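Let's start with one chain on its own, the form predicted on its own, as structure tokens.
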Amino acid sequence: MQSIFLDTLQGKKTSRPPVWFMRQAGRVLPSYMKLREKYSFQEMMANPKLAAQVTLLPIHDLGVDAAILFSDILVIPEAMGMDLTFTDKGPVFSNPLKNEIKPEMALQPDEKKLEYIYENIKEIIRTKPANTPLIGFCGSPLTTFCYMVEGISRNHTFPEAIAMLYKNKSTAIKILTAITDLSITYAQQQIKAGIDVFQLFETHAGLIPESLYKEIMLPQVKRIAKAVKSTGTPFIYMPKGIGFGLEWIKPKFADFVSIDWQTPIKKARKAVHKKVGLQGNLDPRLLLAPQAVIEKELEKYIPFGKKNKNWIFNLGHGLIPQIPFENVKFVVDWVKNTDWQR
């Protein structure tokens, strides 16, 4: 029996939408927090058995329909020679590109530095329950670029990174191209290691005007998408904040697109090509509310889920640490037990 998640991606009729969450293998899980008492984030990523265990915690604890690789989007800049440390206040680069006279020359891509992640994937494949699909991922070039230039993640306006796009566009494009080149290799190697689906995370699409995104970023994103789709692997694109740019997303580009919470799901369905599936778009902050309030909001999705079979239930972005585990489990159970009238 194939998974409901893969069936939906392949356009097959299912009795309900599949459900999984971005950042599901993280701080909302009590089991994850117990592991964090013993191991750092980097230690868990570097150990195949621990990385596999964390990846699969949401399958066992929440009952979601897909696992996503336990990793981080910043492994790409780390493999490009940047010194990365994960602190309690988020990731920090000791040598951000904003401090370099010629930032494009400071990068030294070494794909061998990513090999440990492929070993993690192989261990997940060996240990995961049957018919549990595994999602691989990387960060989109713009989002990765922002962290590389700024050096820290605490200011999500990334003023230095955005300034570089305007002050020195040619240098920015060289860096973006280098990120894309390594990301393509990374995606292809994840696929060879055994992932079933690949998702590209664009957390900060809304930082720049749509016209600039279309000019500089979209060609890079399409290069990654083409490399993934050429292998027959489903490609999900998550462009948070892209707004009306949703109309650019065609079947040749992506199989599914993840919708943020700022965009009503019905409007997104009208904007996106009908053959491209949707994923999302529940506001993760809703899961801080009492369950009765959550349920009322969830019920609003039933008419949409009844009509739209090519839809994956997910959030408009990732789970946040303050969300109670019980509320996340409540949502998963609700999605799985609701009559979607299909």
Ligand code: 1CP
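From a predicted model like this one, the values you see are computed outputs, not experimental measurements. Numbering starts at 1 and follows the sequence shown.
Keep in mind the form predicted in complex with the named molecule is missing from the figure; the text below concerns it.
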Can you check whether F304 is within 4.5 Å of the named molecule in the predicted bound form, heavy atom basis?
no
Examine R36 and determine whether its closest non-hydrogen atom to the named molecule in the predicted bound form is within 4.5 angstroms.
yes
The named molecule contact in the predicted bound form: Y147, any heavy atom under 4.5 Å:
yes
Please tell me whether any heavy atom belonging to H156 falls inside 4.5 Å of a heavy atom of the named molecule, as the geometry stands in the predicted bound form.
yes
Residues L69, G90 and F201 all lining the named molecule in the predicted bound form, heavy atom within 4.5 Å:
yes
So which of W261, Y116, F253, F86 gets a non-hydrogen atom within 4.5 Å of the named molecule in the predicted bound form?
F86
Contacting member of I162, A172, L74, I124, with respect to the named molecule in the predicted bound form [4.5 Å, heavy atom]
L74
Could you tell me which stretch in 271 to 279, 28 to 36, 304 to 312, 291 to 299 has residues with non-hydrogen atoms within 4.5 Å of the named molecule in the predicted bound form?
28 to 36
